[in-house]
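So this first bit is one chain, no partners, the form predicted alone, shown in structure tokens.
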């Protein structure tokens, strides 16, 4: 049985944090930050704005007038380390009192893992609401090379067994725990930036090519690539490795920075409002764990 992508939603906090503000804090220049990352500004949630709060607002933007949800999946790498996770709270606030709610505590790659799960679980649960919500500003420490990258926000997608605009075709997922210490948080984010970028720039195009080969689709046939917005330099490397034009990689990182697992769905939400792409779409993410994966969709 097929699964379909129906629509997306997003929420971005109101507070805009510019490169100039961070430059003053971390002894860098605004120009250096933009050149290193492609980021000009990002959003920070206020102190009492939680991961669940942002998730609810993104979900409401996605659901609009519908509340027929058979399963809720919430991806967040910046969620609380205790239990329960935020998924149950989000379901309650949305009025989904008896709907199963699943937490995916996966940073950066959580939304692509969630999308792959939703594609398989829609047959059993009908409408699956996938949300990714991150408050990365709460994890930023004193390392300027890390602090300049991250922002806050939430994205959402509705996946269903009922026909919709995009049919989900296939997914490929991978994990490798030997690198788990290169990107982690115990309340403060630490990252071996060089090793993370090295692996991401290899594994993201690798898993995309694996997915395309399995489905006999050439990279040149893909209409759009919707990938985790880590930094602009990484997107450029992935496009170059695949031999496709960077313009096919939708990017909003200049405005929002790296919102971890939320970034792919926030990007998809903005892209879906204006796109006229007819070819297949590839979703891809890479993050802590290491976890990485890709999902293929086509116009139905």
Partner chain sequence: MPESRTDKLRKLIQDVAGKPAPADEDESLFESGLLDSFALPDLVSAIEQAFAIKVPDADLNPRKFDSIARIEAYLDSK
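These figures come from a predicted structure and were not determined experimentally. Positions refer to the first chain, counted from 1.
Keep in mind that the form predicted in complex with its partner chain is missing from the display, and what follows is about it.
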query	finding
Partner-contacting position among 45, 234, 56, 33 - heavy atom within 4.5 Å of its partner chain in the predicted bound form	234
The single option of 199, 167, 93, 125 touching its partner chain in the predicted bound form, heavy atom within 4.5 Å	199
Region of this chain that lies against its partner chain in the predicted bound form, out of 269-277, 234-242, 22-30, 48-56 [heavy atom, 4.5 Å]	234-242
4.5 angstroms heavy atom contact with its partner chain in the predicted bound form for residue 203	yes
4.5 angstroms heavy atom contact with its partner chain in the predicted bound form for residue 195	yes
